[in-house]
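Below sits a lone chain in structure tokens, taken as the form predicted alone.
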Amino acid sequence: MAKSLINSINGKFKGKDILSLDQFAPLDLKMLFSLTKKMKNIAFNAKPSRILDGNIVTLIFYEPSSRTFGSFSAAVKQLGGQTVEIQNPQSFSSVAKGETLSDTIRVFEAYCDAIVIRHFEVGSAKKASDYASSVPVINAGDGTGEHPTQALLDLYTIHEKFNRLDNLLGVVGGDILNGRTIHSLIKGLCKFKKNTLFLLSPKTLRLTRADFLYFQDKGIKLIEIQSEKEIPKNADFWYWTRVQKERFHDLKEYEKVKNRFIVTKKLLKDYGNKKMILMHPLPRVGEIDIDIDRDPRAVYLGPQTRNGMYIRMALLALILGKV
């Protein structure tokens, strides 16, 4: 029978679809983060692992991806599992012949133990989970909706630095309207007390009013700003994102707002501090100067990226019931 509800984790990961940060309670995150530390030790020290020996995970990506696709693939293989990898199925699979999402999911369900899907439509991962009646589905990004595993690695990166996920002050810059990574990160931070986010974006790329009020009702304090001069100097982290060209119907509108806010050495000097970290979900397209890459506060090409593989190793081991 098809699955119909997004089930909360409640400490039991085995067989669960991973579709939204709404599924996770603080205790679930604690359990996941504890296992992630062990997975980091396996990967960092290149220890042979057979945790997923015999398991096959299918990766179906309807949108371009390098880090998410690559880290899921590497995560499975680090633990001794195998992958079936389908990128751009619109061109290189039966989807090009008109095959429906339903049929695609049902076919690959027969070949594997879990499905990881990225799709350009909001809600597509939930649909895929309904079609897959016998294997768990992981949402690797559904349009402008959510990107839960990115948020999990982002939360882990913040927790690794500060040993907490409450009483945090963050600055989020860039495309806040279309940024699914931002939506999921805010959902995650809503689960903890006394968090404040300054949202820096052009007016046209702000959260929708519905989303803004929804998150505020969840207990997080959101402050919308339009100028770098409004950035608080005591932030714990900055989370920068690109303006998503692919979400614009009119490229003239994109040109008006792309790279409106760029992290430079001067901006970090004027508004940053020594204890903070600078994050980015990547890819970067000019909104952070490459001169900053060697700054110890810049974690986007180091710990944040590596944590993506570690968190996905832990998540796969948990939902496949191997730990």
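All of these numbers come straight from a predicted model, not from anything done at the bench. Counting begins at 1, following the sequence as shown.
Beyond what is shown, the protein has a form predicted together with another copy of the chain; the following relates to that form.
**Student:** Please pick out the stretch from 192 to 200, 165 to 173, 131 to 139, 221 to 229 that is in contact with another copy of the chain in the predicted complex, where contact means heavy atoms within 4.5 Å.
**Tutor:** Of the options, only 131 to 139 has residues within 4.5 Å of the partner.
**Student:** Thinking of Leu27, Ile158 and Ile186 as one candidate spot, does another copy of the chain come within 4.5 Å of a heavy atom in every one of them in the predicted complex?
**Tutor:** No: none of Leu27, Ile158 and Ile186 comes within 4.5 Å of another copy of the chain in the predicted complex.
**Student:** Can you tell me whether Met309 touches another copy of the chain? I mean in the predicted complex, with a 4.5 angstroms heavy atom cut-off.
**Tutor:** Output for Met309 is yes: heavy atoms within 4.5 Å of another copy of the chain.
**Student:** Going by a heavy atom distance of 4.5 Å, is Leu282 a contact of another copy of the chain in the predicted complex?
**Tutor:** Close contact exists here: in the predicted complex, Leu282 approaches another copy of the chain to within 4.5 Å, heavy atoms only.
**Student:** So in the predicted complex, does any heavy atom of Asp113 sit within 4.5 Å of another copy of the chain?
**Tutor:** Because a heavy atom of Asp113 falls inside 4.5 Å of another copy of the chain in the predicted complex, the answer is yes.
**Student:** Although another copy of the chain is absent from this view, report whether Arg242 comes within 4.5 Å of it in the predicted complex, heavy atoms only.
**Tutor:** Yes, Arg242 sits close enough to another copy of the chain in the predicted complex that at least one of its heavy atoms falls within 4.5 Å.
**Student:** What residues in 28 to 46 sit within 4.5 Å of another copy of the chain in the predicted complex, counting heavy atoms only?
**Tutor:** Counting only heavy atoms within 4.5 Å of another copy of the chain in the predicted complex, the single contacting residue of 28 to 46 is Phe44.
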